[in-house]
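Shown here is one chain on its own, the form predicted on its own, set out as structure tokens.
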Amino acid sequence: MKVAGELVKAGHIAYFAGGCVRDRLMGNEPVDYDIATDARPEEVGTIFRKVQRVGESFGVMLVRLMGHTIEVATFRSDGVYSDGRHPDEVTFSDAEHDALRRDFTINGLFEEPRTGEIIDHVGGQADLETGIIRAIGDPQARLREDRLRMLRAVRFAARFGFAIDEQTIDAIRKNAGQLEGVSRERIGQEIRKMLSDAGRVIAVKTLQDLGLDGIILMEDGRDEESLRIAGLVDGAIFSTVLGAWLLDRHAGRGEDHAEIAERWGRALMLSNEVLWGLKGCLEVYGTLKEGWRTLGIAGRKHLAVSKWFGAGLELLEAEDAGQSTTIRHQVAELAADGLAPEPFLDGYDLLKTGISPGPSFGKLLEAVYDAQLEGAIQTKEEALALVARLWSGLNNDEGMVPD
């Protein structure tokens, strides 16, 4: 690693730190590399030309070198965390003290880049081997420093299939209520990471077991099985997984799922895109589950080409694979004639027939297109003839254009 090499060349200690060491020891390719060093921030700034001083008061610098951005942090000890997130002050120190201020033992490891030697002051290697998520030092103190660590413990345990150390579990249960003081944006980011991972079923069960779920979602805690989450296809997007979790918690209770989705949007600070996806897949799921059998051909085709049809069908499949398979087969049959063929007529065609734009203009086009989807008309000429009949009936107040 070039950055570490430059620090060493300047006479400093430089170690890989935290998650990249953990991932390498587990046989996984790290997403990025962080470096811990005894070089002070001002010294880092003199060694490298391109430096971004994102957290200089905490000893954190971003170094840009050879097209890569590397976080370089000075060894430090942290003072009191009065806001439950950031230390009020830091003291630059050595590698051992820097390891002791980190969250979990598996994240408190260092690696000497040149030799591959692991520097372990916290027992992280043993916990990696036995599969344990353990807070460094006093779990109560670690969680009070940053209350989001309660969710990080759950996420790491679910991601790696590890167990959470009993003392750490006890501290989480005792401090669960303190999660309300954490920003909703940070909570939402952690939940997105959890639910986007293959270990999401374990994550949801653990959140419920530890009494964190209700606080996260701003509702009563639940002890429901994650049947729909477990049944989702691999690669389901975040909004669909949220939909499965919502149904696991609320299906069959007579509640308005759209209202619940709105509350979850506030609780997790969901983006508009994710919230629209959540509400969209739930709406399609409801139509498929309760209304598909009564839809005509045109209605089925319209639904099949709607934006959230695939996500809604994934939700139904997670709950009732038989019904979803039937629908898939029926959609495939409908597709043989075209689910969304080019309309025979457009607004210009109506104008040429002498029909002026007005309230019925769009309804006429919609009615003719539905007839096309149903197979009731086969050509543009038949479409024009249908328009003439509908327009005549409308003018005769026969109500032939459907609402």
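Values in this document were obtained by computation on a predicted structure and should not be read as measured data. Heads up: residue numbers just count along the shown sequence, starting at 1.
If you look for the form predicted together with adenosine-5'-triphosphate, you will not find it shown, but the lines that follow are about it.
Full three-residue contact with adenosine-5'-triphosphate in the predicted bound form, heavy atom 4.5 Å, for D34, R85 and R101: Each of the three qualifies.
With the cut-off set at 4.5 Å between non-hydrogen atoms, does R300 touch adenosine-5'-triphosphate in the predicted bound form? No, R300 sits far enough from adenosine-5'-triphosphate in the predicted bound form that none of its heavy atoms falls within 4.5 Å.
Touches adenosine-5'-triphosphate in the predicted bound form: N107 (any heavy atom, 4.5 Å): Yes, N107 sits close enough to adenosine-5'-triphosphate in the predicted bound form that at least one of its heavy atoms falls within 4.5 Å.
State yes or no: in the predicted bound form, is some non-hydrogen atom of D146 no more than 4.5 angstroms from a non-hydrogen atom of adenosine-5'-triphosphate? Result yes; D146 sits at the interface with adenosine-5'-triphosphate in the predicted bound form.
Flag F238 as yes or no: does it have a non-hydrogen atom within 4.5 angstroms of any non-hydrogen atom of adenosine-5'-triphosphate in the predicted bound form? No, F238 sits far enough from adenosine-5'-triphosphate in the predicted bound form that none of its heavy atoms falls within 4.5 Å.
Position in contact with adenosine-5'-triphosphate when the complex is considered in the predicted bound form, options K279, K205, R155, K289, heavy atoms within 4.5 Å: Looking at K279, K205, R155, K289 one by one, just R155 meets the 4.5 Å heavy-atom criterion.
Pick the stretch from 146-154, 281-289, 112-120, 243-251 whose residues have a heavy atom within 4.5 Å of adenosine-5'-triphosphate in the predicted bound form. Going through the listed ranges, the match is 146-154.
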